[in-house]
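Only one chain is shown below, in structure tokens, and it's the form predicted alone.
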């Protein structure tokens, strides 16, 4: 399954004195099975683009296609989009509202008209997927949990819909280092199990670690797209857009400034470790003595 944005423009408060164009003439496809990172400076249009992927916003111009069908065309069942494309907002724990964890996670499936047995199964399945013990969590108030647990419960509410595509807006924002790493590993695990992931991130290190493809947004338009290797090879262009490169890229650039042999394509921690190990052994970056 894939979602395609076809020349999508979105204008907030069109026709008013406060009119603002958030994204303009954006064309891109979320491909089945990929881990797509959306990056860009604040206000570049990333969140607006993400909300078009699951049909939460309707384009001012252009079309959003789910497997070739226009999701905003008359007669299209919007429930199909909500089921297949899940959206996790930044700080999703702020949207928890039910008195128990089970009721909160069950909210989406209940609106699908599923049986009580099917809902219960989905709740337990979703809680387990986010690393929470269903038996220990179902009857608890979500507001008694830690921040990291609350965010997992909120994500479980989306996963209970069994989406094929998961869109996440800065999913690790505001978490302590361990909870942040746990959240990222959870998302990577979901992707490894077959879920297509679209993740908005300001962390270039996270993009380098997990993404299979990246789209760079600037001033509401796509400025660059490609694999992380391709994107981070344009460090100067990224800097002009107010973006950074992974810390490993900076290490590589510094080593090359010192005339230490180091591959240009180094951008992940495992690559840096391998390169430094070879240098420590007295080899060049390609293994020669």
Partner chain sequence: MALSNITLGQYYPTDSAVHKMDPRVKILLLIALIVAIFLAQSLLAFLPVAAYLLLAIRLSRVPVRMMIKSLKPLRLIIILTFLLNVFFLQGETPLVDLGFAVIKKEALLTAVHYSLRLVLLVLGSSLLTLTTPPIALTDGLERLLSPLRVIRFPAHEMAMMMSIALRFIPTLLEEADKIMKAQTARGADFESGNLIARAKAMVPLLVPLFVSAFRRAGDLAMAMEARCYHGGEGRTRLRVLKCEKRDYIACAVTALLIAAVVLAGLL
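Residue numbers count along the first chain shown, from 1. Since we're looking at a predicted model, the values are computed, not measured.
The same protein also exists as the form predicted together with its partner chain; that form is not shown, yet it is the one meant from here on.
Its partner chain in the predicted complex is not approached by residue 188, whose heavy atoms all lie more than 4.5 angstroms from it. When contacts are judged by a 4.5 Å heavy atom cut-off, residue 108 counts as touching its partner chain in the predicted complex. Proximity of residue 57 to its partner chain in the predicted complex: non-hydrogen atoms within 4.5 Å are present. Of the heavy atoms in residue 183, none are within 4.5 Å of its partner chain in the predicted complex. When you look in the predicted complex, the only residue of 218, 130, 96, 71 with a non-hydrogen atom within 4.5 Å of its partner chain is 96.
Distance criterion of 4.5 Å from any heavy atom to its partner chain in the predicted complex singles out 90 from the list 90, 100, 179, 164. Candidate site formed by 122, 125 and 151: none of these residues places a non-hydrogen atom within 4.5 angstroms of its partner chain in the predicted complex.
In short, of 191-199, 204-212, 74-82, 132-140 it is 74-82 that has heavy atoms within 4.5 Å of its partner chain in the predicted complex.
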